[in-house]
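Shown here is one chain on its own, the form predicted on its own, set out as structure tokens.
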């Protein structure tokens, strides 16, 4: 088995070698910029690690894995624009460094490049395995859009339930991780059961990952997290934390929460501090941590059902532990 650090190095080297021969260069510069910012490369790592459970020739699947990373970064360009975020991985977002139209058009181009990178590998695989993988890739890309739309819809609602939120982040975040693992298994011609168990593992890890992201947005260290803390609070994002705070807060604290949600003009630091104090009072931090641990255990249970030796699954298990204990 190839260790995760070696896999990450392979991914970064491949991405650095991507050439853009087409013009205008102003269309491709934001793409190169975004990909150069690095990141954890979680999705391609998962795809390669799943493939490596069955086969050793991970270079074969590298274009497919990096196609998923290209797609993921496309979603970040548009997410940052919709969220009006000014920082990504400690650097200016594309719409800040260039302009809004650049984020839209270069993002759209990244989506097309991602599909092209994926389908151009057709000759490397058995046709049925490739067809299954293509279907899984399409499933993932569609789910992300569905999840993003739910996220937008939630902006104008105060009655979003915890179940609705979990479904939203499942679509927006978890499915892409799950499909990365499933595609890796499918392209390696793994069994249907193994591919599904790996999907389930990724789905639950994805839920834990997004809840951890919600937690870090409030309680993380901005110098480590790579973006400003409290962005979800300022945007009134219906996160797991806000949804439960509205349910559990005393009448007085709930009124204060609603005051901040409805207030149009405010000092950002004051709002973040006040809402965080309510979260502290209600115990939202520990509640969120418990939910993260629940999904993590569910993920490990799914991984245990995958029909390969335990030593081969150790890399995925360790990778999941790192995600759970991250600070950024």
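Residue numbers count along the first chain shown, from 1. These numbers were taken from a predicted model, which means no experiment stands behind them.
There is another form of this protein, the form predicted in complex with another copy of the chain, and it is not shown here; the text below is about that form.
With the partner omitted here, the stretch from 137-145, 158-166, 253-261, 188-196 that lies within 4.5 Å of another copy of the chain by heavy atoms in the predicted complex is 137-145. Note on contacts: among 229, 245, 234, 81, the single residue with a heavy atom within 4.5 Å of another copy of the chain in the predicted complex is 81. Contact annotation for the candidate site: 74, 104 and 131 all lie close to another copy of the chain in the predicted complex (heavy atom within 4.5 Å). Contact annotation: residue 109 falls within 4.5 Å of another copy of the chain in the predicted complex, judged by heavy atom distances. In the predicted complex, none of the heavy atoms of residue 86 sits within 4.5 Å of a heavy atom of another copy of the chain. Another copy of the chain is not shown here, and in the predicted complex it never comes within 4.5 Å of any heavy atom of residue 17. Remark: residue 113 counts among the residues lining another copy of the chain in the predicted complex, judged by a heavy atom distance of 4.5 Å or less. In sequence order, 26, 27, 28 are the residues of 26-59 having a heavy atom within 4.5 Å of another copy of the chain in the predicted complex; the partner itself is omitted from this view.
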